[in-house]
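Okay, here we've got a single chain as structure tokens, the form predicted on its own, with questions on binding and movement later.
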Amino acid sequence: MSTLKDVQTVCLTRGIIFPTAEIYSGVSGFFDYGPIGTILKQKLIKSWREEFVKSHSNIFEIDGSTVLPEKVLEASGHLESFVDPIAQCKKCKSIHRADHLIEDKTGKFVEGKTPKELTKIIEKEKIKCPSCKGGLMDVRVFNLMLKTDISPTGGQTGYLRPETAQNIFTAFNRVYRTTRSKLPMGIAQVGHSFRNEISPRNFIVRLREFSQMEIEMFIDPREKSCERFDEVKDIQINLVTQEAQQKKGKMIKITVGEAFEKGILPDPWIGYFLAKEFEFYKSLGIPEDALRFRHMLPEETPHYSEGNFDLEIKFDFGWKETVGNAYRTDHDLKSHMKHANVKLDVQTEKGKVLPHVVEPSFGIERTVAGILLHNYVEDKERGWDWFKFPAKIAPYLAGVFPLVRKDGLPEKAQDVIEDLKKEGFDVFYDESGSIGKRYARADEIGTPFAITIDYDTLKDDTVTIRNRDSTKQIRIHIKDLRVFLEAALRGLE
């Protein structure tokens, strides 16, 4: 299996993703997307919107502010409890994430343990500072939020939001009323979040600034139903149950319908989203055996939650949460209702109710990392490594190449590329170097098709199309290019 470091090297070489302000040596935990990476990210978001938002008449999208007043985060609990355990070196004073040090040294999962418990483990396992091998101080907690002053006089404290969810909860009442909705109703949002991570690492997997795609599904807790559950109930997912984790058992394959019937899933809406996510991530080129849902253990699960299920992607360094699915009950609305002194319950045919919330929260950067890793092909036979992105998320669907740079071929190629762009296709032009080198450059950034304009094109308006995956070539008429490429986007080529 390739490693994320291999992928990172390609990303730097081709300018796909690179450190922010790298000419100043940058600051860890921040990355910029280059031209290719930007299109990849945009197409991922577009695919997510089509699958999880636009296909539902009762899910509405908002775009909230990234700065939130302190009162919001006090009500949500972030001000008090949004913390990570840290251990500082007595010698070099460097600070490390305590649970990560323990997991790296022992392989034991210790999330949820208290600072006192973590300190005891560090002492017992004789864990030292990874920077200088010095001894470590007792573990303490560190709040991860990035603080800012609002107004020129600094009269009000604000924070860069640590998650996109709180915008949705505070906007619930207005969105519910102005859309004239009924339960169940979803509010979706795509945007940036910020966490002052102690030890950003693994390329874009753990960052200080990252992007989320999130839905808060507001439901009536008196009705254990989901109108679209029958569409997905027979979809089989990979699941690691709480019991399997406690007894060192294995992952199982189970349909979401069976998981709900057995009481593993607390609500059919959770099952609906798990099924949709499993199919969605497979469509991004991530193989089924590299995807699993993990039912979070009781000690990891927030006290107000009736069940958390993480969609994890397998990386070369282990499994990593990419989508967090939670049954958040009425905790958030109840807390904001209390702190803001406003009514957030709604009137239904069965009377007033404070909605419960089912939340699927997608990490964009971790998804991109999974896409890059699992679509990366090391190809000794071909002589170059390349990405096999599915057509719907490939940054460019096709490259257009004149066979040579003379005799009117470049002009004909330019005509073809302009027509394709007018049709809305993401394509690029390249006339530099041999046709083999151009194929290689196109493959390296995951372009599914190469369209070559040659001398026969000038005679009969036909072009050669090379398939990235098979390297096979076919010849079609220019007027049929649009139909061919549209079929490819639908997965029919």
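We number the residues from 1 along the sequence you see. This is a predicted model, so every value here is computed, not measured.
FYI, the form predicted together with glycyl-adenosine-5'-phosphate (GAP) isn't displayed, but the following is about it.
Of 337-345, 283-291, 410-418, 158-166, which is the one stretch near glycyl-adenosine-5'-phosphate (GAP) in the predicted complex, taking non-hydrogen atoms within 4.5 angstroms as near? Correct option: 158-166.
I'd like to know if S76 sits close to glycyl-adenosine-5'-phosphate (GAP) in the predicted complex, meaning any non-hydrogen atom pair within 4.5 angstroms. Looking in the predicted complex, residue contacts with glycyl-adenosine-5'-phosphate (GAP) do not include S76, since no heavy atom lies within 4.5 Å.
Is G324 a contact residue for glycyl-adenosine-5'-phosphate (GAP) in the predicted complex, using a 4.5 Å heavy atom cut-off? Yes, G324 is a contact residue.
Verify the contact flag for I204: yes if a non-hydrogen atom of it lies within 4.5 Å of a non-hydrogen atom of glycyl-adenosine-5'-phosphate (GAP) in the predicted complex, no if not. Judged by the heavy-atom cut-off of 4.5 Å, I204 is in contact with glycyl-adenosine-5'-phosphate (GAP) in the predicted complex.
Look up in the predicted complex whether Q212 has a non-hydrogen atom within 4.5 angstroms of glycyl-adenosine-5'-phosphate (GAP), and give yes or no. Residue-level check for Q212: yes, a contact with glycyl-adenosine-5'-phosphate (GAP).
Which of these residues, E197, D385, D267, E277, gets a heavy atom within 4.5 Å of glycyl-adenosine-5'-phosphate (GAP) in the predicted complex? If I apply the 4.5 Å criterion carefully, the residue I get is E197.
What is the one choice in G363, G271, G370, G186 with a heavy atom within 4.5 Å of glycyl-adenosine-5'-phosphate (GAP) in the predicted complex? None of the others qualify; the residue that does is G363.
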